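Here's a solo chain for you in structure tokens, the form predicted on its own.
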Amino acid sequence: MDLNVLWFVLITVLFIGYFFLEGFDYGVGILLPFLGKDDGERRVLINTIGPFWDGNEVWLLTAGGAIFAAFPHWYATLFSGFYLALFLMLVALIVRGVAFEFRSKDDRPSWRSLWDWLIFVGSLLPALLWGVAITNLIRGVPINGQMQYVGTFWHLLSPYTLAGGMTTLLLFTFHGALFLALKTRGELEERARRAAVLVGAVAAPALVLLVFLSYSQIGLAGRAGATVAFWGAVVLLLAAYWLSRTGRYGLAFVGNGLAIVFSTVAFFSALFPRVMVSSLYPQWSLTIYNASSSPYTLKVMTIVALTLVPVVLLYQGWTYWVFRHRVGKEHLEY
């Protein structure tokens, strides 16, 4: 395996970690206005992800940094072509982070309600836009021979990419509901369980529809690895839905998390060795070779990553272990 392939794999792993971990706290944010019936309950919901949400976003920052350093042409084309979509996502993430910190600084109901709805919007937009972005990468966007995006914002919207956005939105919301079923108690736990069953019933057909659309939109039939991963994700999601209906929420959470993992693997394996597909001319697509940094840069990055990543993983694992208990109204920080 050469370093170009290694860094494509590492970036895939970073996005897997990001979607698995950030997926459930997006889901909690989306469900916040609907499951929390009063301020105390909404504080409990926020406190279930309070110790984790910013650590989860480190996976995204690391993935972005890895793309910038390992594949600078990919970074340049992606951020110029998807500028408005990524700008909206960035604003949503900033507003969401500010809302977590600001909502409990004032007791007025109107103040807290405002920040609660901003958490909702700041969670819903990225959950939707990530699906739109990933499906655009693989379906193809207008890129010319100079590796420049020559389309507009509206080129990014199509029935297929919107189906991708709705699927990630539903998968993350299902993930969040299952997480809350494991982290809350009493009436909140019961509401989270009912929400999981309801959202799971919609998420499963949405993923099946996306897989069928992928056959015509990205030529899925010719990519055996991606096909297996896609259908594996469907089976895991159906299993998670069945487990949630039978009250086994821990296994359901693992099953849906693996469905997210398999879906991400499917998209990146269908993309490989390309990193952005040109819809104008296949030869103008960006690949791990024509978009990469020099071999020396990749070598230095590999040494740094192998040294520091285990430390980050240990720290984040320790955080989840310390805050593993269910959350009640007695010890609230946010």
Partner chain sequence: MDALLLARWQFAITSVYHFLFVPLTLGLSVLVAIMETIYVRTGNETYRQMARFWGKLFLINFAMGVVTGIVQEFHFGMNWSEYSRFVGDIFGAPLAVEALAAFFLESTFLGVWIFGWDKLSKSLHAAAIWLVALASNLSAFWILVANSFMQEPVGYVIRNGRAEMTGFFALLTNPHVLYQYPHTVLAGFTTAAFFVMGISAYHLLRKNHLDFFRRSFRLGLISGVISILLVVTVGHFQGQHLVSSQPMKMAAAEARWESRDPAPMSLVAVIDEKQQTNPFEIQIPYLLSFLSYNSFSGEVKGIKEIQAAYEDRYGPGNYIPPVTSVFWSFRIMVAAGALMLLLALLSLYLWRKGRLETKPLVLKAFLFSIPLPYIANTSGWYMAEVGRQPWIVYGLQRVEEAVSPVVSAGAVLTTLLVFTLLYGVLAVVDVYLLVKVVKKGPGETPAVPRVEDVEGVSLWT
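Numbering follows the first chain given and starts at 1. Note that the coordinates shown come from a computational prediction; the quantities given were computed from them, not determined experimentally.
Only in words, not in the display: the form predicted together with its partner chain, which the text now covers.
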| property | result |
| --- | --- |
| Proximity to its partner chain in the predicted complex, single hit among S216, Q148, S158, S113 (heavy atom within 4.5 Å) | Q148 |
| Listed residue (F212, F79, W242, W117) with a non-hydrogen atom within 4.5 angstroms of its partner chain in the predicted complex | F79 |
| Its partner chain in the predicted complex: contacting segment from 25-33, 277-285, 47-55, 262-270, heavy atom within 4.5 Å | 47-55 |
| 4.5 Å heavy atom contact, R139 and its partner chain in the predicted complex | no |
| Contact of G40 with its partner chain in the predicted complex (heavy atom, 4.5 Å) | no |
| Non-hydrogen atom contact R191 with its partner chain in the predicted complex at 4.5 angstroms | no |
| Touches its partner chain in the predicted complex: V254 (any heavy atom, 4.5 Å) | yes |
| Stretch 294-319 - residues with a heavy atom within 4.5 Å of its partner chain in the predicted complex | S294, Y296, T297, V300, M301, V304, A305, L308, V309, V312, Y315, Q316, W318, T319 |
